[in-house]
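In structure tokens, the next block holds one chain alone, the form predicted alone.
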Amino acid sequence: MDLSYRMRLLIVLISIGVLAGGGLVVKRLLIPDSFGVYGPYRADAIVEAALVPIRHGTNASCFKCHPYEANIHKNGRHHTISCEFCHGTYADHVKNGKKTGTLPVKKGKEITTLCLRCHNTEIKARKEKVIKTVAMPDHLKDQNVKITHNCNQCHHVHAPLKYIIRAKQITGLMEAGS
């Protein structure tokens, strides 16, 4: 081996060593001290997440101040749907237990638009099986209702079958206890 070949090999090895050492230094500078305390995670992320203000509440948080709606909602077909899904974020309405803002109330076509978030198609559980649901606009056609009708012209927004059941009871199409 001649001297120039050894020199080039030494330069390559030194370069690799410098790059590797530099990479380790940069890695050490960029990785936070709390990384790895709880496995391959940054432990400080838990503390930071706990400091983020809570934006969403449960239905129970809404029901405390809205008992009339709570009673209807709990007994309706939509009892599993969060109030926030339709009305907006709890934090935009209440802070530290006090009302700080008014959530928008949907009216007219806005109600239908809201209903169509879920009721614009049939929900398929499997390829061949449809979960029982109301799909627009077929529902309006099946009921011989104009396509321009809003959902709340026939349905209570918090308990969709409330008006329907009551109408059937009044007309004698359904007994009061069923």
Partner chain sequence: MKIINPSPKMNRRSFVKKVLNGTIAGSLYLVWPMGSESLEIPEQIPGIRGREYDIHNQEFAFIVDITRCIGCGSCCVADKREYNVPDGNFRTWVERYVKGFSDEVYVDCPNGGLDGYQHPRKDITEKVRDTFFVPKLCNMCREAPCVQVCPVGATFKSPDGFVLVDEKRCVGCAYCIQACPYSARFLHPVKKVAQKCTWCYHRIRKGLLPACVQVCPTGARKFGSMKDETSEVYKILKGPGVLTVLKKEMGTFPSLYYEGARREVI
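Residue numbers count along the first chain shown, from 1. So that the term is clear: the rigid core is the largest set of C-alpha atoms that superpose within 1.5 Å between two forms. All values derive from a computational prediction rather than experimental measurement.
Below: the form predicted in complex with the partner chain, not depicted.
Trainee: Against the partner chain in the predicted bound form, would Tyr38 count as a contact residue? Criterion: heavy atoms within 4.5 Å.
Mentor: Judged by the heavy-atom cut-off of 4.5 Å, Tyr38 is in contact with the partner chain in the predicted bound form.
Trainee: Should Ile72 be counted as a contact of the partner chain in the predicted bound form, where contact means heavy atoms within 4.5 Å?
Mentor: No, Ile72 sits far enough from the partner chain in the predicted bound form that none of its heavy atoms falls within 4.5 Å.
Trainee: Any of the heavy atoms of Pro32 lying within 4.5 Å of the partner chain in the predicted bound form?
Mentor: Although the partner chain is absent here, Pro32 would touch it in the predicted bound form, with heavy atoms inside 4.5 Å.
Trainee: Check Asp142 for me: does it contact the partner chain in the predicted bound form (non-hydrogen atoms, 4.5 angstroms)?
Mentor: Contact check for Asp142: no, nothing within 4.5 Å of the partner chain in the predicted bound form.
Trainee: What are the residues of 51-80, in order along the chain, with a heavy atom within 4.5 Å of the partner chain in the predicted bound form?
Mentor: The stretch 51-80, when checked against the partner chain in the predicted bound form, contributes Leu51, Val52, Pro53, Ile54, Arg55, His56, Gly57, Thr58, Asn59, Ala60, Ser61, Lys64, Thr80 at the 4.5 Å heavy-atom cut-off.
Trainee: Superposing on the rigid core, I want to see if Ser34 changes position between the shown form and the other one - specifically a Cα shift of 2 Å or more.
Mentor: Result for Ser34: yes, a 2 Å-plus shift.
Trainee: With both forms fitted on the core, give yes or no for whether the Cα of Cys62 moves by 2 angstroms or more between the shown form and the other one.
Mentor: No, the C-alpha moves less than 2 Å.
Trainee: So, superposing on the core, is the move of Thr133 at the CA at least 2 angstroms between the shown form and the other one?
Mentor: Where the cores coincide, Thr133 still shows a C-alpha shift between the shown form and the other one that is 2 Å or more.
Trainee: Tell me whether Cys83 and Ala135 end up closer or farther apart in the predicted bound form, going by their C-alpha atoms; the shift is 3 Å or more.
Mentor: Compared with this form, Cys83 and Ala135 lie farther apart in the predicted bound form.
Trainee: So the Cα-Cα distance between Val134 and Gly76 shifts by 3 Å or more in the predicted bound form; is it shorter or longer than what we see here?
Mentor: Val134 and Gly76 sit farther apart in the predicted bound form.
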